[in-house]
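Let us start with two forms of the same protein chain, each given on its own as structure tokens and named structure 1 and structure 2.
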Structure 1
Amino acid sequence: MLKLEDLLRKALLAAIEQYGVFEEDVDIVLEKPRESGHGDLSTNLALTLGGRLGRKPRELAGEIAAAVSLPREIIASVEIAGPGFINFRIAREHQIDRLLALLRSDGSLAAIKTGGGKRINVEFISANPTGPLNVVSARAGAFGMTLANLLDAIGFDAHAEYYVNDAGRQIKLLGRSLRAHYLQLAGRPVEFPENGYKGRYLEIMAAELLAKDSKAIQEAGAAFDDESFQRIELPCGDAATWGELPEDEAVGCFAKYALMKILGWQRETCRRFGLRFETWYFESELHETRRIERALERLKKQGAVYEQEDAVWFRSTDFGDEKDRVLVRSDGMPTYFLADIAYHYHKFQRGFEHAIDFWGPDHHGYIPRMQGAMKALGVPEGWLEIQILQQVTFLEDGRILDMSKRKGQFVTMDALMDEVGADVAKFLFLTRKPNSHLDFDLDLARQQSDVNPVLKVKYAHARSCSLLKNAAERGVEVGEPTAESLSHLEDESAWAVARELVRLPQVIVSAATSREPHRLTGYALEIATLYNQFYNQCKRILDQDPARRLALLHLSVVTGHVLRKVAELIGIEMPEAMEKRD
């Protein structure tokens, strides 16, 4: 695909030299016209050039079209149309080559690997470890993972990362909350902490701890066997004795236990959702390795810091923020902001050439100060890229669900997967672009019916598989598609599928570079629709004469391959058969 565009660009450049226009003067845009009647590729070159040269675009287009020289076996026709578009129609032989190139390991999907193996860090979800993962994290999960997959697909080395805020007030509050639940269950009067976590999960956790005690602790700890979680350590002793400890110490033990349990849940939820994080980065590590102080020192050295009213401030107004921000509170505690600076600075030091963060819309006001801090630390402009994922509103019975964690009334990511399945959820999240709000109607998603676009895609895939299976059962030798077999592709509906299939490399590149993974789902749906149309149009493929039959079967081979490729990027299953529904 890209090679073809280069060829056209070169030819067009040669054709416009006569007007004294050279490569550096123009940006030649080639795109697939919306209407297939307008050819396979189109350029607006004459339109943009017309104004500059003081010529009528349509006339100019005619001249350029006449001057452009292209090999016949690649470009079948060059036409001018509309106000001055130049439209190219790709020769059948070359379209077939492109279809075949999709299947080759050194083909068009290899050609888009232009990232040079550069390491890119993609951080997403990073929810507080104070409860089970909330559904609002699911969208970030789907986007982050798919973007990481896309970056890998274009030749980068993407590194999915989860930041764990396992230090600070929230954790203390978590410990106090669990302790209160535990003591209450043990029949001891205790005041529940203000703003404490009241979710059922903590009551259950407390009950389990009360019933099984050290055994529960051992079990929770045993869940962490891999490297990322070596920081997780068992709390001292057993729960029965924690109640006797001074409150501060007891809180520490309860907090450790709660953290261990909750991280276990969160990790399991991510696994179930198909999210593979290469690193779980713990905030506590930043404290232990003194990176927080070191980041502060560095900011001080740059003169970006001052003291006022016992607190330490970052001069973020120097970097376009609306006010300066506190780094160290007057009680001597570093703020979340400072820890986050240290974390991102360390991310930079770890050798990533680029970092992408996915944040919720409630954090957008945080961007200027974070970017300001990176700049102050000498991190190159643009190194940190922050993507804001807009809000998801969940609807049930036509009403908006309140997702507040604190009130203990929330829908978990696990509940979502129980209800609609991971694939449906992922696909639906990825049908909207990142910066538009998403209404997720649970009643609708629960229906395993045709309102679910993902099923349409899966069905199209299963259909292509069953067609091939039936062919085999009838003794038809299918084998691999070749230029010869596909040369018998005649049906217009089949070519409509083919033309869409060969766009795959471009779709991947554009989805990756624009950070808009939702283009993948749209593409998959388009393929499914076109394939269904084709399937309806070309009745009884297996009863056709052998040459045509083989061409259509081979088109199905490529279709299946492309759908699986997209599914792999999105992280969903593509079944070979669907259960028959009556």
Structure 2
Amino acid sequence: MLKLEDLLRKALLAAIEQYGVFEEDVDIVLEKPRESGHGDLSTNLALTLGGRLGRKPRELAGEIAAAVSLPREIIASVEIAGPGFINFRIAREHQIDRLLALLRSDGSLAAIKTGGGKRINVEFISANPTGPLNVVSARAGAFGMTLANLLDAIGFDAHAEYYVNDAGRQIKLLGRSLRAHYLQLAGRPVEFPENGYKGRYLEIMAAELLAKDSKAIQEAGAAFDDESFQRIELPCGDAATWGELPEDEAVGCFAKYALMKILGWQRETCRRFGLRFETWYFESELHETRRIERALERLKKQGAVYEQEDAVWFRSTDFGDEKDRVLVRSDGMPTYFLADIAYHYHKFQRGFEHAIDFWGPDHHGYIPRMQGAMKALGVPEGWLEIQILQQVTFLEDGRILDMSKRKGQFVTMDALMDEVGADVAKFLFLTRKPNSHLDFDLDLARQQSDVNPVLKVKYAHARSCSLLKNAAERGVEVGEPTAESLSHLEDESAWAVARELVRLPQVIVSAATSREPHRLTGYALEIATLYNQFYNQCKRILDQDPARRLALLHLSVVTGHVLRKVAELIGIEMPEAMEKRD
């Protein structure tokens, strides 16, 4: 049986062939109408064809609507609205079928699994391991994890990955900074490195190392016991010994310890936020396995590099970049760009059929050179997809906060979770498109009422569970929804909920394919709003006649099921009971 949207598209294509328009000539978009009174699905087909055919859109819409052939048991009516929209009303019997299909293991949520198990690498956060994760990483985490869940939901094999920059100048600077903090606390004169890390977290780390020494080192290493973290070994000796080593050797030991501590923090922060990573990929592996050198050699064979001023350059202008980029500096050191090329090429070599990266807004210019490098290496065009996440502005009392001057308040991801909770943070981060600036209202996030969007959704779920619990306590046998039971739905407020619930598969597919996870939060809020309106309008549900009561209870069963599915994709909890607060 064709999916509803496919059925409508097929019927519309048949209707417009009389105008010499065929499938390859047009993209038929079906969307939910802006006004609920305009039906269940709408298309602007006549508006898009009107100019091409030299016809008035509304007149053309009438002709298409008259020509379209659809089964009455599925589509109850076809109507024209506004300047030329064609609206479809779905028959209630078919809406009931769609409601029930949401609950079946082989139903509508199984039908959207069209990815065929295609392996997709989704890399997000990948913050430098030089300090605790900040609030910018929190937005990347919310989007990256939700997108991976969405891709899994439509049948892909999404693989979440975190890239660890554990090699290069910043790590050495981190080691020098911790060494300086440690020696200063030990009362030994030492010059602090220029542009060194002066964060309070390093002072605390140095103090702990001075007080506990070997025990602190063993505790830091405990975070690396599992397979994904065995890239890093404990530094030899103890901190007191490191302080006596030549500076370069000491820096290496302090750097390794700092790296272990910070990565341990970062992984625990991700766990608290509900993020899972199948792979923590370490840059050091690229150096040890000579993947960087091999990637450079392949680029040379492809004629994509040249030497100038003792440096090696990538011909990135050949791929749309504004200028060529250095791959190997004149001192023989590879650049971060070359390491990134080798890393992404290894993703391709590991068998991923597509790769999605989440980058910050300051990385726009990095896109053409990286995609160009992949193309130069022989990777299919379009294999590497970049999603840009815009900045977040934090508001308090209606004013923008200067995060750089907050002395640590809300700057870290952990502090944000301590303040508002992981669920609230994730939900609010997902209320806007990823490429849109987000104003994060801390006052709203702290609200403990349904003014807070995520709590509004949770209250709706808890209300549906409470209704079912109360029914059971009164001896009402609820059971599983059936076509017979749902046929007794009469209230328009109940049907408004039903029409929104059946959109779940469409919302999941559109959110995944458009890379716009924020569609989930908008959908959940719409369901919560409609369900609350239904609940308030259908007073004393448990006192209705048995048939109507069971229909309303079964609608609540489906509502709870759908809200839990959305929550699972976002990574938030759906409680069965909550205390309602104003």
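Reference numbering: structure 1, starting with residue 1. In this text, all values refer to a predicted model and were calculated from it rather than measured experimentally. C-alpha atoms forming the largest set that superposes within 1.5 Å between two forms make up the rigid core.
Between the pair I just shared, point out the form predicted alone.
Looking at both, the form predicted alone is number 2.
Taking the chain as two rigid parts, each C-alpha given to the better-fitting superposition, do N470 and P434 go to the same part between structure 1 and structure 2?
Same rigid part.
Could you let me know the angle, in degrees, that the smaller of the two rigid parts turns against the larger between structure 1 and structure 2?
So the smaller rigid part is rotated by 9 degrees.
Once the rigid core is superposed, tell me how far the Cα of F22 moves between structure 1 and structure 2, in Å to one decimal.
For F22, the C-alpha ends up 4.6 Å from its position in the other form.
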